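Below you'll find only one chain, the form predicted on its own, shown as structure tokens.
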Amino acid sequence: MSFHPKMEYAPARFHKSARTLPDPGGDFTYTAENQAKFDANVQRYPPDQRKSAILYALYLAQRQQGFLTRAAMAHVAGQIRCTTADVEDVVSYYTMFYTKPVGTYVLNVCRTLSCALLGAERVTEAISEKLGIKVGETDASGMFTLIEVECLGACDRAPVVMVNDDWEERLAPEQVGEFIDHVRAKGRAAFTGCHLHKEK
């Protein structure tokens, strides 16, 4: 007699990882300009802490080709002197790194408390309706990708949308249509920017 429950060992019962590998991509190396930038940045850290430059290294690679392929991650691993798995761990943790092509403008809508209380969910819905896409998708023109993210640290200017490396603050749902039209027409000139940067 056993007190242990009977276990079924049919193949369908075993756990299967849902992890998907990023696009392998073609050969990737930094441009001469980006290599020089990386070399200058990594000098800020002691040799035994070279991995501290990993975010900057990934940022350079993504700026160069728009998203991060396995080839790009392998190149970064070589620069940092760590494993490709270490690099992939970092990429999969941060929402600002993309493993598939994104639009010219990535609309990161903050959904944390302050923004949520002031209508961030309705901002996301308005963007979705305007562009005809869901969160995580890119519109047909290839210009916009919509993403929801956690706190962007501008709670006093909610709702906040980070657009690439820039900002749009206090974006009300009813302003979304005009905002999208302005971005199409003016590009970066359409963003409010961070008020703290302007006050400097």
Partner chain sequence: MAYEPVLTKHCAARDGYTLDFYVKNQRGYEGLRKALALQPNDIIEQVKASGLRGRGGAGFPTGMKWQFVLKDTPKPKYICCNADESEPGTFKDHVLMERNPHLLIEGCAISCYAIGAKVAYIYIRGEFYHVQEVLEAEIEKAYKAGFLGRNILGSGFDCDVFVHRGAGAYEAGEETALIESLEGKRAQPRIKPPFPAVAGLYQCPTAVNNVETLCNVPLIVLNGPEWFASLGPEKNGGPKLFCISGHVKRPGVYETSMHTTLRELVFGEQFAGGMIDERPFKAIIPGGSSVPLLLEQDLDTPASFDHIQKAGSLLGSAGLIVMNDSVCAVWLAMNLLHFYRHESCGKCTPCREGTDWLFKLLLRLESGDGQPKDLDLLFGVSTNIVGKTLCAFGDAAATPVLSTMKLFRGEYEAHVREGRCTLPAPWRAAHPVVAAHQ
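Everything numeric here is computed off the predicted structure, so don't read it as measured data. Residue numbers count along the first chain shown, from 1.
Not on display, but discussed next: the form predicted in complex with the partner chain.
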- Query: Can Cys155 be called a contact residue for the partner chain in the model of the complex at 4.5 Å between heavy atoms?
  - Reply: yes
- Message: Under a 4.5 Å heavy atom criterion, is Gln79 part of the interface with the partner chain in the model of the complex?
- Response: no
- Query: Though only this chain appears here, would Thr104 touch the partner chain in the model of the complex if you measure heavy atom gaps against 4.5 Å?
  - Reply: no
- Is there any non-hydrogen atom of Glu137 lying within 4.5 Å of the partner chain in the model of the complex? no
- Is the partner chain in the model of the complex near all of Ser52, Leu113 and Leu118, within 4.5 Å of a heavy atom of each? yes
- Query: Considering only 166-183, what residues come within 4.5 Å of the partner chain in the model of the complex, judged by heavy atoms?
  - Reply: Trp167, Arg170
